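Here we start with a single chain on its own, the form predicted alone, put down as structure tokens.
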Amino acid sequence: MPPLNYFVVESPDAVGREAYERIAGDVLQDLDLIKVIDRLHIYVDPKVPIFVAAGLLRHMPRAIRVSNFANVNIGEKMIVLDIGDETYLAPLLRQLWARYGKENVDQPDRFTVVLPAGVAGEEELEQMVVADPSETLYKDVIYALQYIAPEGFKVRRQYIKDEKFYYVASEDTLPGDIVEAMVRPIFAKMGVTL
């Protein structure tokens, strides 16, 4: 596994700590998250019981806009979208139907989408967000942390925004000040403020 810039598993149980290092490494590698997670600090204490994971993402994937995969050609009677990559065609069509109505969207072939002139401007179409890979990335990170957390730790709090994330889980009710008491100090150990 390519090394994260910071990866620590902290636990009062040395055997448990080593096991969670292996589990976390395997899960991150299996879900291909090593490329996107820059720092990860896990604290687990089965006696309390508490599991806290906090970290930073390396970089967020950018939103996919129409201009990333299609050319917008404005004519007198129609707007023609020349599709260069079909990967985002289905979400593009859903977006166009939602905004302009199915009756205004024609697809004569798999590389062409036609709209009536005047329904949208060139810049509006070029800048339209068709897909946001960060949404699935967020879900993948939380899924990985759920998988890494001890079995039965069903009471949880999770946060992920921009490049920062945390996941706290326990068998018991989590105190209201868990972020102040446990999460902020972990971010501080990584040299980051939450």
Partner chain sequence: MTTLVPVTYKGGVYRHDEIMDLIDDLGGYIVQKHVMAQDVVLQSFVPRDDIDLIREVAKPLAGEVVEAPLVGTEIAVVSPSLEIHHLPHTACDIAEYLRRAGAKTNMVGLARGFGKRIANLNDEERDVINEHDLAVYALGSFEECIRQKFPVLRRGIQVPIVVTGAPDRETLVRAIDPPVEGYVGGVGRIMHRFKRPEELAKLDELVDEVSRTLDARRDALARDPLSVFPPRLMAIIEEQLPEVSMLTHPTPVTAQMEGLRVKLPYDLYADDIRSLAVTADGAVTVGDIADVLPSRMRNYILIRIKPFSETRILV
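It should be emphasised that the depicted structure is a prediction, and the values quoted were computed from it without experimental measurement. Numbering follows the first chain given and starts at 1.
Unshown form predicted together with its partner chain; subsequent notes refer to it.
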Quiz item: Is there a heavy atom of Lys47 lying 4.5 Å or less from a heavy atom of its partner chain in the predicted bound form?
Solution: yes
Quiz item: Could you tell me if Ala149 has a non-hydrogen atom within 4.5 Å of its partner chain in the predicted bound form?
Solution: yes
Quiz item: Quick one: does Ala19 come within 4.5 Å of its partner chain in the predicted bound form, counting heavy atoms only?
Solution: yes
Quiz item: in the predicted bound form, does Met128 have a heavy atom within 4.5 Å of its partner chain?
Solution: no
Quiz prompt | Segment that reaches its partner chain in the predicted bound form - one of 33-41, 63-71, 152-160, 133-141, heavy atoms within 4.5 Å | solution = 152-160
